[in-house]
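The chain that follows stands alone, in the form predicted alone, written as structure tokens.
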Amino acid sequence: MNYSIKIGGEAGQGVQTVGETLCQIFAASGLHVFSHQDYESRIRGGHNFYQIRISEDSVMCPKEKVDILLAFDYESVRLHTPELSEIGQILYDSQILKTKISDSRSIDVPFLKIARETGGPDIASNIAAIGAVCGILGVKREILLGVVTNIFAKKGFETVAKNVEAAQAGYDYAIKACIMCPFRLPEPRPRKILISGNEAIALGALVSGLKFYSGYPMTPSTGILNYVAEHSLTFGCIVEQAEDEIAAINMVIGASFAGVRSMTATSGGGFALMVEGLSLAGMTETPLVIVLAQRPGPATGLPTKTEAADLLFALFAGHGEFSRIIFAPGTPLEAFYLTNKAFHLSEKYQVPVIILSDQYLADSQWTFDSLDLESLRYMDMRLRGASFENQKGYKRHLFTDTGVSPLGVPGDARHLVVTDSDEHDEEGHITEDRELRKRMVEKRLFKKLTLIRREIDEPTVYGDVGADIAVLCWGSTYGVVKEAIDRILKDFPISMVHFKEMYPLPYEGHWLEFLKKKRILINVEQNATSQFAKLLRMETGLAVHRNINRFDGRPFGVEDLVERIYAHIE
């Protein structure tokens, strides 16, 4: 069982709500779910779609063929009917589309009529549509109705009753209208966790002790702000929507200097505004976690599409030279754990950590069995209270063997905590002394980076490790490359190497020797210029042999990627 459902319509028709509700129903059925969405940067109109893939086995990327097309406008029928699989069906309402579809694979379900007959508003037609999809798939009725009840529970008994009735009516109508539909789901299993990339980063931050979040809304990072704000009372976190990104990063730096774990998130243009603040954190050695959710640029580019072209921007952003760490999770699960690691290393080494995401990862939802909370790291590495007060003396930028100075919390002891954006001495006061300047650069840059490199995990290796061909990838391309490797492995020996901890690269060791032995290294990136390949060569001298790039604002599809990899190995 491996089905793909596409919901298409205009912005404002509830495409995303329908998709997310279906994902909840499938996760409640114990199915593996992967979803992604494609939407235009406008409030109403334009073509949007939400695509869901469900299976008994783990799924990590979309299928190009569609088994159920739920169309809320004629444009969706026109654009996506060619994508139907051999068993594909189109669900639509001729009253909403204002036309009849002649295709024999189409089923005309009166979503709008059902909504009105059950006493709900016209938008309740979406609930009837959700019921219809569940009906032809064979979702257990009690699971459908349970999810619908939970969604509308806060709106009162009457609203719940009308929507439950609409869902049941859509469910029953579709079953009768689609007698020959071949879809069948397995018996329900234990519920799975359904989480998006943005939610995973936000949750990872909250369980890591986040106490202050400031940001300015910018697609596709806004979901992080929304999630943190929604759960701020539970976790005791203050959330501030700043007037712009410059204010956001400087508030976060101030809060971190004052003694709490802090974070901001933005996208390309917003990160450009944060660059001076990034340097300030570097100079003052203030712990800082920034999420850079990438989207196609330059400038506004394609604000609601996907790309991973800010790797080198994140690496070189900021004036002057200072240590930084860059992570790029491949799945929401990795996003959750890497966010925890980001807070740990940022505070341990007093450096900025940048988490690279992108629209594809930010907005896609995945299912997982569980989160291992026991593996999370939390250690308060700041000097507070008595331990700070009992210090004989205190210098904020004290020279140490590791380059890491004691991080005192201002006001927690009689000691003065001073820092400065100018070059400074050990106490934090301005200096232009040549020897002090040299020692401070060595402390902030060389000593710390050497130790940080030891904390970086080696890349993940998957597939036939003995094969002489390896495919390199990073960040959110993990899922689609892994599925492509699985398909190719049936005929051809090949392996995959995925990097999620991007900078500094781990110490040269097993992973680098592994890559050097390969006859062909194929690099897959969601940008035009193979930025990771450049980073790899700059840091290790190793050059890849082939590059596969996509930069049209859409994610790789597994079928297309398989063909492109084969083109390099045959």
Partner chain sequence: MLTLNDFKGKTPAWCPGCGNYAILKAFNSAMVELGIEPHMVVIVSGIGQAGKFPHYTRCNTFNGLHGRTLPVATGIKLANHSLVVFAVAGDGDCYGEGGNHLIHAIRRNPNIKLMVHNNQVYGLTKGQASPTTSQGVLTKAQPYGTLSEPLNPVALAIALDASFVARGFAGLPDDLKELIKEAVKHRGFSFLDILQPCVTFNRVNTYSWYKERVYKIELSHPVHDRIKAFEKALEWGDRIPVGIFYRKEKPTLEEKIPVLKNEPLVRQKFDFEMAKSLVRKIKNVD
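Because the structure is predicted, anything quoted here is derived from the model rather than measured. Positions refer to the first chain, counted from 1.
Note that the form predicted in complex with the partner chain isn't included here; everything after this is about it.
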Next on the checklist: Check for me whether the partner chain, as it appears in the predicted bound form, comes within 4.5 angstroms of all of 40, 163 and 171 - heavy atoms only.
Outcome noted: no
Within 4.5 Å of the partner chain in the predicted bound form, heavy atom basis, the matching stretch of 429 to 437, 154 to 162, 82 to 90, 324 to 332 is 429 to 437
> Would residue 254 show up as a contact with the partner chain in the predicted bound form if we use heavy atoms at 4.5 Å?
Replying inline: yes
Taking the partner chain as it sits in the predicted bound form, is residue 381 near enough to touch it, meaning that at least one heavy atom pair lies within 4.5 angstroms?
no
- Item | Heavy atom of residue 455 within 4.5 Å of the partner chain in the predicted bound form | no
Q) Taking the shortest heavy atom distance, is residue 373 within 4.5 Å of the partner chain in the predicted bound form? A) yes
Exactly one of 71, 206, 351, 137 comes within 4.5 Å of the partner chain in the predicted bound form through a heavy atom, and that residue is 206
Only hit among 116, 141, 231, 395 for heavy atom within 4.5 Å of the partner chain in the predicted bound form is 231
Residues in 236 to 257 that come within 4.5 Å of the partner chain in the predicted bound form by at least one heavy atom, in order, are 236, 237, 238, 240, 241, 242, 243, 244, 246, 247, 250, 251, 253, 254, 255, 257
